[in-house]
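Given next are two forms of a protein chain, the same chain in both, each as structure tokens and marked structure 1 or structure 2.
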Structure 1
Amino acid sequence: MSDLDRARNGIPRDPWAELQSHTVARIALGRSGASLPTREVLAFGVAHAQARDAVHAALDVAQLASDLASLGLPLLTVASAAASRSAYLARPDWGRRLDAVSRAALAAEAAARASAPDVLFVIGDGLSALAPQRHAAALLAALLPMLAGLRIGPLVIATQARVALADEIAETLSARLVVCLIGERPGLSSADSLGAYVTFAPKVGRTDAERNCLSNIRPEGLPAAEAARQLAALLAAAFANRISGVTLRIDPAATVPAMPGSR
């Protein structure tokens, strides 16, 4: 913010405003009496509004399916047992299990398929539908060419989904490994962060300690190309060691060093 902006606002600049160069924390905001300047109240309000909108945005499944179509993989759509956003937020256990219709449809799909996939991708809305809406297609477009030789299952779009919903989906389809791409809880400055959770030998009841995670996938955080390279290395390690989670040791040379612009 320039001095001119401050002056227009009528609120004197804090004499330590130059400290702002050392942190993205909201420091040296100025004050009117005990209170925040109007400008800062509004700036905070915008950040919170964007985070709230992200939490409550519905995944546009048709649009996402259209964005994913060019990848040339079959598409399936499922829903969790959480019937509404409100139920989803209050009952994480419901978001981890399929609803009855989806369960039956997936079982039929599994029976009809000749072979089980090595890798299954589940794309879920999670706590920010904006994240998969904006970044899932780009990530998969970068990642799939790196997975030559692996049988890739149908892309499964899941609504009102928690990470562990992918376990039931993958178990039903007998996948050897599942990658769940899911919207992370929005922060005040990041409403569309995508997380990628990798689980080897997925089945209902797997714990978070049995997964590996890449987070903050978005252009301003971990860009899609870099995330794809790290995920490919993670998958290679998981298949080589037949395990995922905290005990999986990844060769640091296999995960490419962070590129400029990534976190």
Structure 2
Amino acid sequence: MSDLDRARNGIPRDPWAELQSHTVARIALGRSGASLPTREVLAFGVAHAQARDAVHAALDVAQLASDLASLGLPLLTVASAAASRSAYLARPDWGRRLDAVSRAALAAEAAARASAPDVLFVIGDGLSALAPQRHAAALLAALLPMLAGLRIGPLVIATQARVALADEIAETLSARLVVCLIGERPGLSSADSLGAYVTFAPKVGRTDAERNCLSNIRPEGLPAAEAARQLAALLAAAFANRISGVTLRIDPAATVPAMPGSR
């Protein structure tokens, strides 16, 4: 019912209706007796199914590699020790370590490189392959021009990946800092939310308290351009202070400082 129809019939204007127009969150659902309207029950079922599908969806590595190719950086592909999606979901610890083949390939890559990278980007499927599939290339395209003066390592696509897998990858390649772009646990209105986790001096055994995170990177949440600006500021602060994690504080609205030069 329109506001005009409400006014004509003496029905108060619903303030929730305006709020609902600004968000995809589940607010102002209405009711039918003591229950939700049928349309909302059905919408909940659809959202729940989309979230479950996102968790089980496989990353299209070939398509992602094609999307990333325009960035002009070498591409590597690795896998965690979780050999299947069911193993990945049942054993989170396997998703935090490389399989033997990937570990050997990265060691050979490190030995062949003349210099170690300042920044390494690891793009992982995580709990929603939809997120990196849809948003990683756009985020990197916006971010990379802000990192002038830093050596950027190869882009590493990781499957069956948890956040901590990036630590082993970066340690093997001797990167000073790693950014893990990974699919976050889907919500009922956000099946494709991308997270960006920053770890300075990455190595196996780093804790979540030693990382910084930007969350909900997607057009309906934190858009790629703004996420890139905040991420660049975070990287500059991490290099300047030589730390990451809960002890690193930045102002998200601050102007991005100049990046330090390569070591």
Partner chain sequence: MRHRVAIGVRSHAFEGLAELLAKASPMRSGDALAGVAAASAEERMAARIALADVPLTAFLDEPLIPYERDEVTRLIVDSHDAAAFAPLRSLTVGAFRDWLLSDAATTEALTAAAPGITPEMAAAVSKLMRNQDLILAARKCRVVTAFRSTIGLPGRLAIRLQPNHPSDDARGILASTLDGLLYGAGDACIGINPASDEPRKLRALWDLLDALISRHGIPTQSCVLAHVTRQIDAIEHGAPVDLVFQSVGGSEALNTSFGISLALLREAQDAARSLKRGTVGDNVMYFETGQGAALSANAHHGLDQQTCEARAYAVCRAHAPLLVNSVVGFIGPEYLFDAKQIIRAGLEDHFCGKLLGLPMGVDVCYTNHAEADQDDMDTLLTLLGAAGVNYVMGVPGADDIMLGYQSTSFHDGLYLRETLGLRHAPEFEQWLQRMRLIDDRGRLRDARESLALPLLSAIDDAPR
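Throughout, rigid core stands for the largest set of C-alpha atoms superposing within 1.5 Å between the two forms. Quick caveat: nothing in here was measured; it's all calculated off a predicted structure. FYI, numbering is relative to structure 1, first residue = 1.
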Which one here is the form predicted in complex with its partner chain? 1
Please say whether, between the two structures, the C-alpha of Arg242 moves by 2 Å or more once the core is aligned. no
Could you check, with the core superposed, whether the Cα atom of Arg26 shifts 2 Å or more between the two structures? yes
